[in-house]
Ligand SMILES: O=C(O)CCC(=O)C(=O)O
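Only one chain is included here, represented as structure tokens and corresponding to the form predicted alone.
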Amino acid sequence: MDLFDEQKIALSLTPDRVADIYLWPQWLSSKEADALLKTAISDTPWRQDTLNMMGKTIPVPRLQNWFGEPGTSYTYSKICLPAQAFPHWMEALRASVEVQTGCLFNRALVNYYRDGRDSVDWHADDERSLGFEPIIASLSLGAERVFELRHNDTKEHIKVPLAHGSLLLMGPGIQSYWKHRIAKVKTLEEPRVNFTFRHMSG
């Protein structure tokens, strides 16, 4: 884990306010990332949740689960995810992300994109349960996917490739003024696992 290989992307929030995204393109070595990807795919208790859209029930286009203090939960798009206790390997990962970023995290949403047909549409992680202007750390494993950001007002569009073993930190204000997504890539067959670490007070 390289504490110094850092890139900073400054994003406009309003005409007089800027927020930063920090990217460590090779935070994990290839060997570390390979081993963690294998563990994540095999040892995470994946959920296949569903969404109700226009009177139809459709599967969420990825597998997922939520980790944190047992007895708590996370709700988005009317999907309630009861918290699973952090397994030892994920707890060690959470602690390492805290050291790298200097931020505290006690929850994690983990997504499994089985291939390029899995995706997540435009959204912001701005649920009230995450607090005011949450800071979110995102660790990517597996197939490189493009992380897209779009400003709510100006529609400015930014694309950030997230490589195997990369770590991205979204600073305060990003969720309030920008939306993000991982689009489908029809020709891609390789999997990707993504950890988004957050902090919740409840």
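So that there is no doubt, residue numbering starts at 1 and follows the sequence shown. Every value quoted in this text rests on a predicted model; they were computed, and no experiment measured them.
Here the subject shifts to the form predicted together with this ligand, a form of this protein not shown in this document.
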Worksheet item: Is V97 close to this ligand in the model of the complex, meaning a heavy atom pair under 4.5 Å apart or at it?
Response: no
Practice prompt. Give a yes/no on whether D125 approaches this ligand to within 4.5 Å in the model of the complex, heavy atoms considered.
Written response: yes
Practice prompt. Tell me, yes or no, whether M90 is in contact with this ligand in the model of the complex, where a contact means a heavy atom of each within 4.5 Å.
Written response: no
Worksheet item: F147: heavy atom within 4.5 Å of this ligand in the model of the complex?
Response: yes
Item to complete: Consider the chain as shown here, without its partner, and state which of I21, I182, L13, V185 has a heavy atom within 4.5 Å of this ligand in the model of the complex.
Response: I182
Worksheet item: Looking at this ligand in the model of the complex, is some heavy atom of each of L109, Y113 and N194 within 4.5 Å of it?
Response: yes
Fill in: Partner contacts in the model of the complex for 126-143 (non-hydrogen atom within 4.5 angstroms of this ligand)
S138
